[in-house]
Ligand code: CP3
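Here you get one chain, nothing else, as structure tokens; it is the form predicted alone.
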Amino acid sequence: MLSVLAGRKAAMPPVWMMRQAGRYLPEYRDLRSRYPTFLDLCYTPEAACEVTLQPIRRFGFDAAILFSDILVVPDALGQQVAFEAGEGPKLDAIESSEGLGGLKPDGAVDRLQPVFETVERVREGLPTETTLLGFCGAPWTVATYMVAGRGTPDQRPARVLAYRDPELFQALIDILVETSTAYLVRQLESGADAVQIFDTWAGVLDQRGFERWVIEPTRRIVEAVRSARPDARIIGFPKAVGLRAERYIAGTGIDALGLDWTVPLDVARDRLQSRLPVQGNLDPLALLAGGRALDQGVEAILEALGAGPLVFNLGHGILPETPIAHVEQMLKRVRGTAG
């Protein structure tokens, strides 16, 4: 995994899945039932470590990704965060300078000490050949939840606030850049081998907003993390940005690019992988469907991208209702052991 992130082709591409530790696994559902809230599970290092290791034991993925959530950062900043079953996250929306003033950046990263303890425990429990990935949400994506107080179809509240009061929105982004940088550095210091920056909502912005709210904050994080950890490997995952992925590569300085499933494979090969390692990009619905559709999806990615540095992954997170047998089918096909 780390060799590919350094730009080298692997004879067999390393493979992991976004959200690989989670609700599609019965062992996860059993453990989750023992904790009152999702955040209780995230902040209990012994349990979060166990969840992180579950898919490694079951499937032997080439990388483990820390079990946590992008919204632990606003929680650490003092914003009220809760996860309601069937409804997603709920936060106290930040709609004005008063709401912004309620955040407490000082000491925020220290309040995430349970996460760093989880990283340490996972590192001790992982096979030596398995890469450990830390992560954070990109400032833009995290800010969209902080402003709206929830997820929305197009994150309109944050977009409107960024247009109406760019100074206020910039102040929020600046807090998130500083906190996220320190958060990633501490994960790396605790034992993570590489980190991923998730920008799930990068694709909803116009070009000017994309430059200001996606590229610039990510560039600042990448530079600051590398200043503290010169050997850090950083994967950027800007979802649904289309051909703006080229600008994202050039403007942020990431080491590898995560691709969502809408990226054409010839474009990924000729215009993106020619510049840096790529990760992705199987449609999670193909994995859900299984059968020939899954085989064809895997084969198309390997044929198009297998000659260059590739980390095989999904184009977004695995869906909770995905059959375990389909994950096993995918792995056999990637690893060349399918009949």
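Here the structure is a predicted model, which means the values were calculated and not measured. From 1 onward, residues are counted along the sequence shown.
This next part talks about the form predicted in complex with the named molecule, which is not shown.
- In terms of contact with the named molecule in the predicted complex, the residue from 172, 185, 71, 263 that brings a heavy atom within 4.5 Å is 71.
- Think of it this way: in the predicted complex, the named molecule has a heavy atom of just one of 311, 304, 65, 48 within 4.5 Å, and the residue is 65.
- This chain is displayed without the named molecule, yet in the predicted complex the stretch 25-33 from 267-275, 296-304, 280-288, 25-33 comes within 4.5 Å of it by heavy atoms.
- Using a 4.5 angstroms limit between non-hydrogen atoms, residue 131 is distant from the named molecule in the predicted complex.
- Although the partner is absent here, residue 88 is a contact residue: one of its heavy atoms lies within 4.5 angstroms of the named molecule in the predicted complex.
- Looking at residue 145, you'd find a heavy atom of it within 4.5 angstroms of the named molecule in the predicted complex.
- Of the heavy atoms in residue 200, some are within 4.5 Å of the named molecule in the predicted complex.
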